[in-house]
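Next up: a single chain in structure tokens, the form predicted on its own.
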């Protein structure tokens, strides 16, 4: 197994408050690593640190390092890093333009595609990979804002895929979706790990058990336990982990 991301002695702060403390964790290439834990355990801060989204917050600071293929993300050009590590947020944010233009907007801006034939091929493949093509192929020129919430979330996945990242970060991607839409997003994630490395933050422990290869349990800014998902959910080593996944707190 090859480490795609390696986190070493990472501590993160907002002002003087430490929200992540001395984390050491690796994400293996082409796996889905789920991060679970109660609110305020540092899950989203961890995710946002991997592609430096937290750098946008003026009171955020950190110590330690994060490596992508052995290179520190903190030494990388920000635009290059965001191309390599894409992020999907809890609420789908579609651009106020057509489905087609939502997909090609970033690749055109980054100079990745030029010809109309290249754009057409990219739109089709991205939507297929996001399990959305069959639902929208006859209305690509219609507004993305008219899509359902679940469709918009899968459109956002397709939009990320269009820039061909190496890692995709999912931050509560199904929190506002119905069960059918949730199942389709989960189906997309499982299929996508063939090409990409995925880190999923979720408050839904059942979702973590369904889709992830490994699961890490965060509590109050620390990693309490990390193991293969089967082992962690069937026979956790730490009582805190067992109490959380069985619903005794959280």
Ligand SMILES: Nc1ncnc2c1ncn2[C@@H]1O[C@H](COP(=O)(O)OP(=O)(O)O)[C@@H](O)[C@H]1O
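Positions refer to the first chain, counted from 1. Small disclaimer: the values here were computed from a predicted structure and weren't measured.
Note that the form predicted together with the ligand isn't included here; everything after this is about it.
Heavy atoms within 4.5 Å of the ligand in the predicted bound form are found in one stretch of 51 to 59, 26 to 34, 179 to 187, 206 to 214, which is 51 to 59. In the predicted bound form, at least one heavy atom of residue 45 sits within 4.5 Å of a heavy atom of the ligand. When the ligand is considered in the predicted bound form, residue 16 lies well away from it, no heavy atom lying within 4.5 Å.
Using a 4.5 angstroms threshold between heavy atoms, residue 70 stays clear of the ligand in the predicted bound form.
At the 4.5 Å threshold, heavy atoms of residue 64 stay clear of the ligand in the predicted bound form, well away from it. Along 106 to 145, a non-hydrogen atom within 4.5 Å of the ligand in the predicted bound form is carried by no residue at all.
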